[in-house]
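In the form predicted alone, a lone chain appears below as structure tokens.
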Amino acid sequence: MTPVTLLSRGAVVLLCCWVLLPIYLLIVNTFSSQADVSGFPKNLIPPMDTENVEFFMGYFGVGKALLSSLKVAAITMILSIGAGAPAGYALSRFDFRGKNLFRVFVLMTRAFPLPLLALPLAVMYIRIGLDDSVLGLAIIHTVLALPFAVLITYSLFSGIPIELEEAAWTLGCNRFQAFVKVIFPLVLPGIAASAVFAFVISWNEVFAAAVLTIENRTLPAFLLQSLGTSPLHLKFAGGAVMVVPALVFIFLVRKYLFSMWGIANR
């Protein structure tokens, strides 16, 4: 085994430990008793005590916050893909004045800290009636996720030769039919990847949800409000409830994520 191979494998092992160890410790402490959470050393295999999770899920407001998070994340995915995919296609297929400037503006949407915009957004939302609403929060999350959707789909459309569309045109398809029948099946993995990013961004965002919502708070904002002074074992249970849905969603679309790299590298 060469030193380069050994170094590469060591880096992969360290990276896996960096990513998986916190999740493992979270799961172990979630399914441990209150005494075991504060104890040391930890059990390699959790005792699968579900008391903490059952108590947390039965806590008043958790179910409503979880449902709000799912609604906001779903709307965010639809809006970000619906706006980001056409923008990515236009950037990859058309040359127009200000194209590079438009790409810069897309990135600049992430240049302004959200806390700086919180007060103006709250005032504007109150005036137009979007305060404390699922749709209003989803619009903010869409703005956060849109740059990723645009840039991911742009790179994917750029990796697909335009000759495929031109061949479809010569066979009688118009531009829309060529896109639906030829291009869309090829970029579906990239669309799924963009949806994953949008879902995770919306699922984990807490500041806008805490400022702009009261009755319809998402799960991160609800946890920030309710678990600040809670016992340690309940904080671990809340963290697990936050992490598991995102992991399940990524697991369900994993084949599209793996396929995306083959398209992007063409």
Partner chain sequence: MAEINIKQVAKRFGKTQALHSIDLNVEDQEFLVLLGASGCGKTTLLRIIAGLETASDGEVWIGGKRIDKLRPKDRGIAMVFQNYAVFPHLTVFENIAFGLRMQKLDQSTIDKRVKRTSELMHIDSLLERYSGQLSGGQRQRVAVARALATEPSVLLMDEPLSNLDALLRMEMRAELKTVLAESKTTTVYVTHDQVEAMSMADRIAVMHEGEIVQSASAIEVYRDPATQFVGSFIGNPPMNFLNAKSSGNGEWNIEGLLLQGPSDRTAIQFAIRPEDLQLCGVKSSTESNTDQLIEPDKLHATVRVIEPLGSHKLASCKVGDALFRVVLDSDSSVSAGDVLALKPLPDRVRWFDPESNKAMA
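Positions refer to the first chain, counted from 1. What you see is a predicted model; the values in this text were computed from it and never measured.
Not pictured, yet referred to below: the form predicted in complex with the partner chain.
Q: Taking heavy atoms only, is residue 186 within 4.5 angstroms of the partner chain in the model of the complex?
A: Yes, residue 186 sits close enough to the partner chain in the model of the complex that at least one of its heavy atoms falls within 4.5 Å.
Q: Just checking whether residue 182 would be counted as a contact of the partner chain in the model of the complex - the rule being heavy atoms within 4.5 angstroms.
A: Yes, contact at 4.5 Å.
Q: Within a 4.5 Å heavy atom cut-off, is residue 168 in contact with the partner chain in the model of the complex?
A: The answer is yes: residue 168 has a heavy atom within 4.5 Å of the partner chain.
Q: Though only this chain appears here, would residue 129 touch the partner chain in the model of the complex if you measure heavy atom gaps against 4.5 Å?
A: Although the partner chain is absent here, residue 129 would stay clear of it in the model of the complex, with no heavy atoms inside 4.5 Å.
Q: Considering non-hydrogen atoms and a 4.5 Å limit, which listed residue (134, 173, 192, 74) is close to the partner chain in the model of the complex?
A: Contact with the partner chain in the model of the complex is made by 173 alone.
Q: Using a 4.5 Å cut-off on any heavy atom, which residues of 129-166 would contact the partner chain in the model of the complex?
A: Contacts from 129-166: 161, 163, 164, 166.
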